[in-house]
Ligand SMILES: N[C@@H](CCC(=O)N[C@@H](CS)C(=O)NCC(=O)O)C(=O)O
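Take a look at this single chain in structure tokens; it is the form predicted on its own.
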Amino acid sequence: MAIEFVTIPFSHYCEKARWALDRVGVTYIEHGHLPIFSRLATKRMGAGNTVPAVVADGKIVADSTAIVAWADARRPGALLPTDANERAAALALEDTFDEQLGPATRRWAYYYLLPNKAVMRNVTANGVPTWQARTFRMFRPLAAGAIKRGLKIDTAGAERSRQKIETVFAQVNALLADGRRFLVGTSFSVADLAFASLAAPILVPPQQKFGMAGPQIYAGEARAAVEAWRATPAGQFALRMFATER
């Protein structure tokens, strides 16, 4: 039986949860909404404002981290290492990526993409009800302003986010320096999934959907930064995870 899966389709946190569900073979019906509208959907299902959220076995599971854990429980060891030490290491990395990398890539990407009407039209028109996409286009300046205020998107914020991205990428580069194939242990885990999915807004892998596939969505200095991040060991690792594990 398919579960109900509520998302903001282009959200990298929703991609993290989506990847986890796909990884363990869970069948789901995805209900995509644009920001704000997603809150109406999650409140109706009793999940508050949290996206992504699933309804499964009569229970509500909200937040990407909780969904990853729920998915792993369906197929133990698929995402969370069975070795206690490796599990702790993987969860610690997931927490770092959730708290540091995810917010930074989101703010940095929005800073450069919100002014691009064509890109935003393409991104917001995919996987959501037509009326929501039309409403966003009609009230684009107001919606963009609300996003900027809510996420504190400005020049200073983008620079702080760039620095956080550099810090996390340096950490991952250091882990990969010994030639390991995965961040923890010898198989794919939540650490790899979380890093790749939450880095996606600034790496734009071709496997990504919803109008955000390829660095060409950026221009000028932003495009140069994206190309530089893609060329790092961490960037190459994340792109490989999408290519071979997604």
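All values derive from a computational prediction rather than experimental measurement. Residues carry their position along the shown sequence, with the first being 1.
Omitted from view is the form predicted together with the ligand, to which the following refers.
Q: Is it the case that residue 39, even though its partner is missing from this view, gets within 4.5 Å of the ligand in the model of the complex, heavy atoms only?
A: Looking in the model of the complex, residue contacts with the ligand include residue 39, since a heavy atom lies within 4.5 Å.
Q: Is there a heavy atom of residue 106 no more than 4.5 Å from a heavy atom of the ligand in the model of the complex?
A: Residue-level check for residue 106: yes, a contact with the ligand.
Q: Quick check on residue 30: any heavy atom within 4.5 Å of the ligand in the model of the complex?
A: Taking the distances in the model of the complex, the answer for residue 30 is no, it never comes within 4.5 Å of the ligand.
Q: Does the 4.5 Å heavy atom contact test between residue 51 and the ligand in the model of the complex come out positive?
A: Although the ligand is absent here, residue 51 would touch it in the model of the complex, with heavy atoms inside 4.5 Å.
Q: Could you tell me which one of 237, 13, 229, 19 places a heavy atom within 4.5 Å of the ligand in the model of the complex?
A: Residue within 4.5 Å of the partner: 13.
Q: Looking at heavy atoms inside 4.5 Å, which stretch does the ligand contact in the model of the complex, given the options 185-193, 22-30, 214-222, 62-70?
A: Careful reading of the contacts points to 62-70.
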